[in-house]
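One chain follows as structure tokens, the form predicted alone.
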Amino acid sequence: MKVTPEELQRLARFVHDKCGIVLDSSKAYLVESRLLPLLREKNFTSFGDLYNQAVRNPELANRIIDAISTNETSFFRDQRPFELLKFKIFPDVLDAISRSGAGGKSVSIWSAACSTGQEVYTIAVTLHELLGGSITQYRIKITGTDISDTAIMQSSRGLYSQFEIGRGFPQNLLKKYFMPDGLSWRVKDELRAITFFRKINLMEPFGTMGKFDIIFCRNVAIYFSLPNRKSLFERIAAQLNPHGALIIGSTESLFGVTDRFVRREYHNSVFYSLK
């Protein structure tokens, strides 16, 4: 079943209003592939029927957003951000906290649009590998957020199929951080102890989340309009501690988006700090 231009326009406006994702005329294939299973499940005769029902049914609206917003993800996706975290950003944050004289060793990290949690657990593994047994000396909290109820549910369970594990997770570390669970693999308690998940719509206020030392916001703003990208990163700036660092996608840039950040490089990797 094909989506008509009129149906696509209505669904695109609906999705944009809900979560900021922009669906132009070139995204008809995405709408069809992501929403056709839902349309068939509900026995709707057209994408127009799906839209008409979703306007009046919040649960159905959430299902649409779940389907459209679920993005491709994997463990250790694009190795550089995690090498940057391990060798530059995390040590710098610890030094800044130590110099501030605030006391304690609390580090707060946010993975925005974390999808099904692979980025969050990759961060947790990276820090465990960096700190070893001394990780217990620190109060580390890694918060993963996503707009998708389904994604947050899987993230919280920490259960991944062999296929999902096979996409990027180092085999030599698998049994160190995961345990077999039937035909799947479950995250061990030492990772679960420092990871937390909650549903957040990045287009809505998130100031109650508090401040963070490190923020990952990769490969989500590319789906937003320029005004929404500007709004998002300026609000992210308000959540970042003065000594903190922001990591965005390798193909993304904040040039022309916001002037709240300074672009920095380390071994050909890019991150941002507050001005």
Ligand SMILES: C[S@@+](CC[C@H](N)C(=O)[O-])C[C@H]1O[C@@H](n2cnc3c(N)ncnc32)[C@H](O)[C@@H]1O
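The first residue of the sequence shown is number 1, and the count goes up from there. None of these values were measured; they are calculated from a predicted model.
Omitted from view is the form predicted together with the ligand, to which the following refers.
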task: Give a yes or no for residue 218: in the predicted bound form, does one of its heavy atoms lie within 4.5 Å of a heavy atom belonging to the ligand?
output: yes
task: Flag residue 44 as yes or no: does it have a non-hydrogen atom within 4.5 angstroms of any non-hydrogen atom of the ligand in the predicted bound form?
output: no
task: Verify the contact flag for residue 184: yes if a non-hydrogen atom of it lies within 4.5 Å of a non-hydrogen atom of the ligand in the predicted bound form, no if not.
output: no
Contact test in the predicted bound form: residue 113 vs the ligand, heavy atoms, 4.5 Å: yes
message: Since the partner isn't included here, can you check whether the ligand sits close to all of 84, 169 and 192 in the predicted bound form (heavy atom within 4.5 Å for each)?
response: no
task: Counting only non-hydrogen atoms, choose the one of 34-42, 47-55, 221-229, 237-245 that falls within 4.5 Å of the ligand in the predicted bound form.
output: 221-229
- line: the ligand in the predicted bound form has a heavy atom of only one listed residue within 4.5 Å, and of 141, 88, 77, 128 that residue is 77
query: Within 181-209, which residues come within 4.5 Å of the ligand in the predicted bound form, counting heavy atoms only?
result: 200, 201, 202, 203
